[in-house]
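Here's a solo chain for you in structure tokens, the form predicted on its own.
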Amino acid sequence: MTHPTTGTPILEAQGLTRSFGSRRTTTRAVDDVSFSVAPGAILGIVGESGSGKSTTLRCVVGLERADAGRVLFDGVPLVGANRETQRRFRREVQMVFQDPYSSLNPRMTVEMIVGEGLDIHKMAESRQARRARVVEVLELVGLDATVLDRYPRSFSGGQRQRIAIARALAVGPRVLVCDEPVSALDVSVQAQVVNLLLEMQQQLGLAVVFVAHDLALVRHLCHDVMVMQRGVVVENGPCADVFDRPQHEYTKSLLAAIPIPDPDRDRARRAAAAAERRSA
């Protein structure tokens, strides 16, 4: 994938740290994590369960309070920023959650769900303008006005995630923060949602931070990748460099676990990896 022209980061994390636990036992879920993403770029964050990926995202968007470190938006630190900068951050940085079954309010119609952000940020001059914007973003994600009065329970998982993406797009964000947005979906619809995200990113010029377990997906979708293990960033850089020339043993083990459809190639790769470990 061609990397977009680099520029001033739109979203930046510097030295984020977050711990959980009691007085006796403390676990550092995020340990001095830093990254940045430029306009139009897609950053993938990978690692096994418990590596701190989701907690990092939650600290970035403010759903968790970091113990240390800071988040910058358009070069401005959010802590101590004025009210207008805080409001702009909340509107222009939107999150798509992992589970579309729990991220949508079951008591709200699709129109209410997608239009809620427009109400909060006072972006619609009238009910007609609000509905028109809701229909516009629904059409962007492959739905239409016939779903406006329906509730989440009447949709499939893939359709619910499309509604969640429409909700995020409704307020005109510049950054999408996606926390494993396809892992709760059937394999048959994962590709549809991923292709939709990529299409929206390219069409709208969004910056995207994308957390995933699937390294093959990250290689296909992202420009840069950050590998996390036990709350620490162990490797990062352009996808081509990290995937083709991994430096850290943990990254090598993650890449070795990617299944290859060809059994002969898969066996040869595993044999080569075992030989490398014996010689190390």
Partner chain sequence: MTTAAAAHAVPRVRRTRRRVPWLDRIAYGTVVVLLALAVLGPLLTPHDPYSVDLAKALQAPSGEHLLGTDGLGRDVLSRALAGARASILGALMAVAGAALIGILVASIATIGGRWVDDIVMRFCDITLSLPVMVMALGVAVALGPSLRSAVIAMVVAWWPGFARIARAEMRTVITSPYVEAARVLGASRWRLMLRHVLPNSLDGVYVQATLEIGGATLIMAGLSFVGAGAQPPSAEWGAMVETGSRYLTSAWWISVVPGLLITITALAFALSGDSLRNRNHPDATLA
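Positions refer to the first chain, counted from 1. Bear in mind that the values here come from a model prediction, so they are computed numbers and not experimental data.
Below: the form predicted in complex with its partner chain, not depicted.
Only one segment in the set 107-115, 196-204, 180-188, 70-78 has residues whose heavy atoms sit within 4.5 Å of its partner chain in the predicted complex; it is 107-115. By the 4.5 Å heavy atom rule, the three marked residues V141, Q192 and V208 all fail to count as contacting its partner chain in the predicted complex. Its partner chain is not drawn, but in the predicted complex it has no heavy atom within 4.5 Å of R174. Interface membership of R160, defined by any non-hydrogen atom within 4.5 Å of its partner chain in the predicted complex, is ruled out.
Although the partner is absent from this view, H121 contacts its partner chain in the predicted complex, with a non-hydrogen atom inside 4.5 angstroms.
Contact between R133 and its partner chain in the predicted complex is not found at the 4.5 Å heavy atom cutoff.
Only one of the listed residues (A240, A216, L63, V232) places a non-hydrogen atom within 4.5 angstroms of its partner chain in the predicted complex, and that residue is L63. Contact residues in stretch 126-158 (any heavy atom within 4.5 Å of its partner chain, taken in the predicted complex) are limited to R153.
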